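Take a look at this single chain, the form predicted on its own, given in structure tokens.
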Amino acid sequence: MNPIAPDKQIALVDRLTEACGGGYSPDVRRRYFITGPQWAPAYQGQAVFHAPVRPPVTFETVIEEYAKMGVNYWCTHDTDVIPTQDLFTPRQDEIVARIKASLSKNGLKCSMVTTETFHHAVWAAGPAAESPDVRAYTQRRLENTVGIGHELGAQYCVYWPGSLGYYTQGAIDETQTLRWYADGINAACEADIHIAKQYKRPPLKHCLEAKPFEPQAEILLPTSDAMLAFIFSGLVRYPEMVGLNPEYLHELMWGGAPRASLARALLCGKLFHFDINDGYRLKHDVDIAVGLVNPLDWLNVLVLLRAHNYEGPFNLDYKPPRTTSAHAVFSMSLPTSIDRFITLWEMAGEVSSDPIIREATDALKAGGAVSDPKDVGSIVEANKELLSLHELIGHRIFQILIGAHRGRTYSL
């Protein structure tokens, strides 16, 4: 193949994207509670070792492009759209009014708001630092975000305490820091109760998001299980208002099983919100799009969520790779990510209704006919052949993933 001229490359990418097929129309995508964050398409490719590779985009552009592709909901950090110095000023009100107008014009709703408590220099020691002034500012920021959420009609407020931790052992008292962090959550909930009454709306659902690594060297709430313990510790004054926003990759990063973490949240009634992406175990937070690394695991995650009637948002919390152009972010990266999720969700429905899986699962639950239930040997003998169904179920799920259950084979 000859070198591709720069002015021909967009057409090539668009043509090959179309040739892939398997995409859904905007009307079909709107059937799903998929939420589009400002930060995903606005990510310019920058990181600790990376310079930006894409130009900045405005929230008007992001909202308009989400509407075109069939995403019904938009969400944001406060400072994704409002410069830090403009918070608490008339400029904030002007920007929020522009956001409302853009959402209305394009037929979108704001699903969630979150406060940036990790990037700015004020968070150098975290949002629950020793300084009373820092903690007071944290509470003001959290309360302000709640107000923005109600003004925009949001249902959820998310908290990622990635800077809640330390670099050097012994530098902080972990128990005191957790108490101070709870003070911030409590202040946000109290403000929410008051503001919700003013707007005559239900209070927001407050969702904690865990991450095992970065940016601090040691994180105080690194996993969803740690978050659950924190919610039920007695430090959180309104535990009924506070739940979880697990992120698929955050649960995977520390070597855990995302499906098991989600199951524990479901048992506690605390799975409020779910950030969807992909990546690798025991690695950094690459935020790859859904299904590009672990499609079989993703299928099993969605089987679980369908089985438990999860009805919360699926938030596209990922970063288009640095190799993806600004044009392709909207024309290829985001739409294909959405379409893989929809395909996996519908495949999960096939798994749940598959007669082979259902019969195998029912047989395992029924157990074997034990001749003497008080004799351990009899119990083993009665069940040992049934246990082979565990592997068979895994094989059947794989067949559904690749379409073998519909006759897909290769002639060798």
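A residue's number is simply how far along the shown sequence it sits, counting from 1. Just so we're clear, the structure is a prediction, and the values are computed from it rather than from any experiment.
From this point on, the text means the form predicted in complex with ligand GLO, which you will not see here.
The contact residue chosen from Asp317, Glu143, Asp78, Asp339 relative to ligand GLO in the model of the complex is Asp317, the criterion being a non-hydrogen atom within 4.5 angstroms. Contact annotation: of the candidates Gln155, Ser331, Thr114, Asn300, the single residue with a non-hydrogen atom within 4.5 angstroms of ligand GLO in the model of the complex is Thr114. In plain terms, the part of the chain that comes close to ligand GLO in the model of the complex, with a heavy atom within 4.5 Å, is 114-122 out of 81-89, 114-122, 180-188, 290-298. When ligand GLO is considered in the model of the complex, Asp192 lies well away from it, no heavy atom lying within 4.5 Å. Remark: Trp39 counts among the residues lining ligand GLO in the model of the complex, judged by a heavy atom distance of 4.5 Å or less. Heavy atoms of Trp160 reach within 4.5 Å of ligand GLO in the model of the complex, making it an interface residue. Taking non-hydrogen atoms only, Glu251 never approaches ligand GLO to within 4.5 angstroms in the model of the complex. For the stretch 262-288, the set of residues having any non-hydrogen atom within 4.5 angstroms of ligand GLO in the model of the complex comprises Asp275, Asp285, in sequence order.
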